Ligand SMILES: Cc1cc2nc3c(=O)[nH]c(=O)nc-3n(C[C@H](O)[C@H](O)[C@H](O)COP(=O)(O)OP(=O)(O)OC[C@H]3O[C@@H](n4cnc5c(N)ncnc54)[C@H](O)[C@@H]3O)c2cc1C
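Presented below, as structure tokens, is a lone chain in the form predicted on its own.
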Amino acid sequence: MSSNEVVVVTWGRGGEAFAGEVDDILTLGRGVAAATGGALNWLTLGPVSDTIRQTAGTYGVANIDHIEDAKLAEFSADATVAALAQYCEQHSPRVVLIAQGFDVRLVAPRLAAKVRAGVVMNAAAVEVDGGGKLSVTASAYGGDTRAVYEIAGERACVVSVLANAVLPEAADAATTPAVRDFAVDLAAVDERIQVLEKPKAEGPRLDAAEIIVSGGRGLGDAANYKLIEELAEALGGLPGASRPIVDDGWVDSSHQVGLTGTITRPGLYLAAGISGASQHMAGCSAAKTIVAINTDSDASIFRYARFGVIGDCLEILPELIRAAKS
């Protein structure tokens, strides 16, 4: 891997790229490509839809590369790593950018090992200095701090980028990307892990919500989570949750906000009964406004909140619901 190309990789959703899902990473990739003097390519595992073409042109992509194979129809970590490794061995990109998610945690480190590249997870920024040295800024210690990794020499790097790390910005001039097919040989690949059941995510997504109301153990009981849902509905937002109540089975994991859940960037984030542990704040600290309700005046979340209410959320939430509905 030695060229100056930057490749953004996506897969899943039948090859479809929905608005807002890749805009930020394409924006980041365009900036890195400009700094390295290379092209920005988009590699998708699956068919190239009209949405992909349109989005690629909007964000200045030079080429849309795609791989189609029966073993990639459903996510398979082994097949995905093999396909990406074959692509990288032929194209030799300098930087491979992938939006971080659960599947990416299974793929990125293994891909880097196969192609002898560096790897950085939880990335928030990628920069190239005047001498061509690559550095990656990543979230560390549950989001409490940032670490900067410098990639030695001209070594390539696989970078897993946190959701909402970059504000999307269209290219100054739209492009008409060329579409290139890439054939892979996955005949010898056998998936070693079998997924027996997958979580189902339906409807609006937390990472795209403008308003999120989240609850934690301060709610006291699973039955009280309905207050979070009612207030979220009244405000036109979505209900969220801290990891402890997800682990306790109060609510489905699709509602979890945090380092091991969903990374969000809403306009308003209201946290009720949440202490503000670093793992949770990694998922909501980018909110424009954080409002916290907690009985503990020393709770960590008040360090992040623009507005704080010291009190029992079980007494305050019903009043907020009434006010929001009036």
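Numbers follow the displayed sequence, beginning with 1. None of these values were measured; they are calculated from a predicted model.
One more form of this protein, predicted in complex with the named molecule, exists but is not displayed; see below.
The candidate spot formed by Gly258, Ser275 and Thr295 is fully in contact with the named molecule in the predicted bound form: every one of the three has a heavy atom within 4.5 Å. Note that among 239-247, 161-169, 98-106, 179-187, the stretch whose heavy atoms approach the named molecule to within 4.5 Å in the predicted bound form is 239-247. Residue Gln279 is the only one of Gln279, Thr51, Thr27, Asn63 with a heavy atom lying within 4.5 Å of the named molecule in the predicted bound form.
Checked against the named molecule in the predicted bound form, the candidates Ala286, Ala299, Val32, Leu45 yield a single residue with a heavy atom inside 4.5 Å, and that residue is Ala299. When the named molecule is considered in the predicted bound form, Lys114 lies well away from it, no heavy atom lying within 4.5 Å.
Mapping the unseen interface onto this chain, Val9 falls outside it, with no heavy atom inside 4.5 Å of the named molecule in the predicted bound form. When the named molecule is considered in the predicted bound form, Gly216 lines it closely, a heavy atom lying within 4.5 Å. Of the heavy atoms in Glu21, none are within 4.5 Å of the named molecule in the predicted bound form.
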